[in-house]
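The chain below stands alone, shown as C-alpha cells; this is the form predicted on its own.
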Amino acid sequence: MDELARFRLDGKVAVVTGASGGIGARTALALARVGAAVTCAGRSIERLNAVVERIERAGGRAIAVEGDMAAKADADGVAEAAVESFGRLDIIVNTVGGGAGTALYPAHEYPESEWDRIIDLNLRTSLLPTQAAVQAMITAGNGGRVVNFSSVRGQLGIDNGFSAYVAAKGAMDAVSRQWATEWAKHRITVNSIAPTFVRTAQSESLLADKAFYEGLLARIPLHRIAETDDVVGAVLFFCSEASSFVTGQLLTLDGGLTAAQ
C-alpha cells in the first residue's frame, strides 16, 4: 500500500463527540477530508450544523446529532444514528472535556458537586459513547479505532486548583490502557492524545490571564500553546491503518512540556 494511502479513511464511518467545540470541529473536518463519513455529536445543534455544512462544502459526508454524552440514551443514540445513516461504525474520537478553569478550588476544600461535574464532563462523556460505539464494532466484526483526548494534566500536577480535572484525565489514561487490552481480541485499538492547552473558545478565560499565559509559555520549550491544527496529525495516525499495530498508547502533544519537567 502507498504510504500516504495508509492515512486515508475511505469507506470508514467515524463518530466525533464534542464536534461542536474547537478541537472536535477541526477533528471532524480532518476525518472527512481523508474520506470518512462523520457523525458529529454535541450539545449545540446550531454549531454542529455549521460543522456539517463545512464538511459538505468540502465534498464530504456528515450528519449532526444533538445530545449530552454524559447521558446514556443520548450516547447510545449517536452510535445508532451513525449505523443507520452510513451502514457501519469504525471510529470514535472523544473530544468532550475541559472545564478546569471553571472549577478551581484548593484540594482540601474541593466541593463534591464540582468534583462530580468535572469527572462526568471529562470521563463519563467518553465512557458512554465509547461503550455504544464499541458494541457496534464488535457486532460488525470489522475491528475499529477508539481515540480519547486526555491532557498533560493526567501526568503532571499544577498548583492551580485542578484536583478533579487531573483525576479525570489520569483515569482516562488508565482506562484507555484497559480498553486497549480488553478489545484487542476484536481488532479494536485504543489510544489517547494528551495535549497541553489548545487555543479554543473554551480555554480563552484561562489564557486571558496574562501572568498565567506567560508562565505557561515559559514552561513549554517550543514557547507556544497548541492550535487545533496541531491535533490533526495525531488523530489521523491513530484512526488510520498507519497505526494498525499501535494500541494502549498515550501521545503527548505538548510542545515539549513534559520532556522538560
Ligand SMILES: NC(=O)c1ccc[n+]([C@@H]2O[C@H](COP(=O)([O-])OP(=O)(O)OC[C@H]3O[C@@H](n4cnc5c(N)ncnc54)[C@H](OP(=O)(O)O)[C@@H]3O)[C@@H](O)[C@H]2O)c1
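Bear in mind the structure is a predicted one, so any value in this text is a computation, not a measurement. Residue positions are given as counts along the sequence shown, with the first one as 1.
This protein has a second form, the form predicted together with the ligand, left out of what is shown; the following refers to that one.
- Taking a 4.5 Å heavy atom cutoff to the ligand in the predicted complex, the contact residue among Val147, Met137, Val96, Ala79 is Val96.
- Contact check for Val51: no non-hydrogen atom falls within 4.5 Å of the ligand in the predicted complex.
- Residue contact check for Val198: one or more of its heavy atoms lie within 4.5 Å of the ligand in the predicted complex.
- Put simply, Ile188 is far from the ligand in the predicted complex: not one heavy atom of it is within 4.5 Å.
- Looking at Ile55, you'd find every heavy atom of it more than 4.5 angstroms from the ligand in the predicted complex.
- Figure note: of the listed segments 83 to 91, 173 to 181, 96 to 104, 138 to 146, the one touching the ligand in the predicted complex, with heavy atoms no more than 4.5 Å away, is 96 to 104.
- Within 4.5 angstroms of the ligand in the predicted complex, the stretch 21 to 39 places a non-hydrogen atom from each of Gly21, Gly22, Ile23, Gly24, taken in sequence order.
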